[in-house]
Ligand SMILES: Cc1cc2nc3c(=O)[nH]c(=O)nc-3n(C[C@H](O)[C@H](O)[C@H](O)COP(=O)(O)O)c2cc1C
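Before any questions on binding or motion, here is one chain by itself as structure tokens, the form predicted alone.
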């Protein structure tokens, strides 16, 4: 696992509110990454795991593997959920120790686990023993500060997990300050298991710098892939000594798939909201588009088709390449 050459193993990151099924399906069409991860599946107290597990479909991105990320703080429920997800074909199960949302941490889950290394170890150990597929952990550097960073790293490693992904910000940091890649390097130097680097990879140069600076074994990219859906292909081409030319036609098809996967059950307002969310990211890749971003995002508020046509017309200037 994670062994690739010359390009490192590339993950599409789990992203709450962004990386849902329509986005994953559209990104799978673009391709370039080796594996995707679901947005977290919440496992609250008194959960009915069979019902919760129905949201997971291991063949969703076939032939690309789709790991399942679980989030909770009740050991027995997390074990039960891990077994249920494994029975549904999950190739890997990831433990969320990073979500900074107050509604999550208020219930002792997500990055709250970083306040209690013993509980982190207990849950991860129980999950590892319960299933035959790899169990992994995605974590931040801490809750309020990084004082327990090393302790959390060792607690995770001692549980028997296969590898660990580091998003080098604390819970309090949210997504604001620049990611502190030196903590990924620290984890790599300390641990015997592979380390996946995550955070602020927005282009090929960032990917190369992270690998050089941290020595991490693989890369996980989230918001960088929303801003530039071709980023995985571009990184892969760099390491293979090739050139990769993005095609605007692929972006058009991306949105065909995205809108189809949203389905008819979502309201017009909901569709507009999801489209605006994606274009808000996509426009960040161009200084010219940033100037008109606020105007575009408030246009055609009641017509998803017109909004999409207008936004794509403008976006074509960014991806103005021949096929």
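Being a predicted model, the structure only gives us computed values, none of them experimental. Residue numbers count along the first chain shown, from 1.
The same protein also exists as the form predicted in complex with the named molecule; that form is not shown, yet it is the one meant from here on.
Residue in contact with the named molecule in the predicted bound form (any heavy atom within 4.5 Å), chosen from 188, 83, 223, 115: 223.
Interface residue remark: residue 303 is not counted as part of the site for the named molecule in the predicted bound form, having no heavy atom within 4.5 Å.
Residue contact check for residue 217: none of its heavy atoms lie within 4.5 Å of the named molecule in the predicted bound form.
The named molecule is not shown here, but in the predicted bound form it comes within 4.5 Å of a heavy atom of residue 16. By the criterion of a heavy atom within 4.5 Å, residue 200 is counted among the residues contacting the named molecule in the predicted bound form. Only one listed stretch (233 to 241, 192 to 200, 141 to 149, 118 to 126) carries heavy atoms within 4.5 Å of the named molecule in the predicted bound form, and that stretch is 192 to 200. Shown here without the named molecule, the chain has 167, 169, 175, 198, 199 in 163 to 199 lying with a heavy atom within 4.5 Å of that partner in the predicted bound form.
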